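Take a look at this single chain, the form predicted alone, given in structure tokens.
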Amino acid sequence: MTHPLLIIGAGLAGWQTVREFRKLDADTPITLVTADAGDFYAKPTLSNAFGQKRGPAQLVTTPAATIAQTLNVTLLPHTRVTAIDSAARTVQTSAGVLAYRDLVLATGAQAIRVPLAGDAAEQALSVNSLDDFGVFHQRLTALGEGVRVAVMGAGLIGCEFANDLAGAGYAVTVIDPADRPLAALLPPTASVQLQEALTGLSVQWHLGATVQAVNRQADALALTLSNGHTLVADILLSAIGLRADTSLALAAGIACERGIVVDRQLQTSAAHVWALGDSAQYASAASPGAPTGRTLPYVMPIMSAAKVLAASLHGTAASLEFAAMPVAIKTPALPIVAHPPAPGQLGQWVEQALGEWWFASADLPERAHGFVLTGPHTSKRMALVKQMTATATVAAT
């Protein structure tokens, strides 16, 4: 009996691996296990759906049954994996024990939740999946117009939600311990541009502060902040970041650090077990500040990794090398494209023009190790990617 290629997770990483593998092998049985329905959707659309007046059903691009039939996959939806036995090559699930030829961990990331005091702390919502978005969407639409939304976190997802919700007519307040939005990704002057643009949509800010407690106040929520202020909101959205879901791998004794450690072929420390996506820590993304690799929770790294993983699973020699992959931040009030420098890269942000910044070192100021573009300058993204690629090639020779 031929055991299947078994994939845990029906997000982009899981389904894209299937797509790439089917280009190489039409016959090997594939079983995909997922805790949700398995419908295919683009996760980035979760943070700009309200402005486009799209609900959960409209975000599904391919229903689970359709994509499973098209790709010749045995889909086990609403099934939880509870344990992995890499020596026996089996997994324990809520549907029973499954044997595998090879196992792919595409378990994604979990929303980081901070402890909150108060009698309504459990009311804080996170949106990290289509099911999460369904709860958030239902709660917002049930409240009607004039809803006050407090967003914990002024990072990428928090700012995208703030722009989307404010643009859709909701009253938005953003709370973050940093002194500016997207502080970890943007140079200070770019952060100022973004803050001013979102303020123009009536977004309110409480920077340099965190939410300490959430209490019921009639039909609303009273938020107590670390700076002593109190504000009232109808909904609290927690968008303070994601953490790779390594729980299954850790319990199985598979090496994990910030994510599930994989080599350049996407193999984990266990034979016949592979990983990619938001749960993986890629050796191919090592840098001076992350010598054993790093996580890359974005779309383009998944697309690159899925091709290499499919080749590895097919027995074809392949090695993952990441090209320059800038991130488009979905804040229409101020379009932004960012390519942050690798962790540990020495240098500083240098403003080339209003709306264009390079991360350059003192010894090579003409070379960009990263860049940020805003507004009309976002049209320069491909030119800067080519420049970074060319100079990196020269430096390596």
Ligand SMILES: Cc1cc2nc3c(=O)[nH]c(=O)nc-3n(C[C@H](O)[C@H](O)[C@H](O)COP(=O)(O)OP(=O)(O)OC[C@H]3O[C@@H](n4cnc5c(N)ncnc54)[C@H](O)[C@@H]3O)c2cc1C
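Values in this document were obtained by computation on a predicted structure and should not be read as measured data. So that there is no doubt, residue numbering starts at 1 and follows the sequence shown.
Note that the form predicted in complex with the ligand isn't included here; everything after this is about it.
Although the ligand is omitted here, in the predicted complex all of 9, 13 and 161 have a heavy atom within 4.5 Å of it. When you look in the predicted complex, the only residue of 225, 121, 248, 140 with a non-hydrogen atom within 4.5 Å of the ligand is 248. Scanning 318, 299, 213, 71 against the ligand in the predicted complex with a 4.5 Å heavy atom cut-off leaves one residue, 299.
With the ligand left out of view, the stretch that reaches within 4.5 Å of it through heavy atoms in the predicted complex is, among 96-104, 228-236, 125-133, 194-202, 125-133. Mapping the unseen interface onto this chain, residue 79 counts among the residues with a heavy atom inside 4.5 Å of the ligand in the predicted complex. Residue 277 belongs to the set of residues with a heavy atom inside 4.5 Å of the ligand in the predicted complex. Contact between residue 157 and the ligand in the predicted complex is found at the 4.5 Å heavy atom cutoff. Taking non-hydrogen atoms only, residue 109 approaches the ligand to within 4.5 angstroms in the predicted complex.
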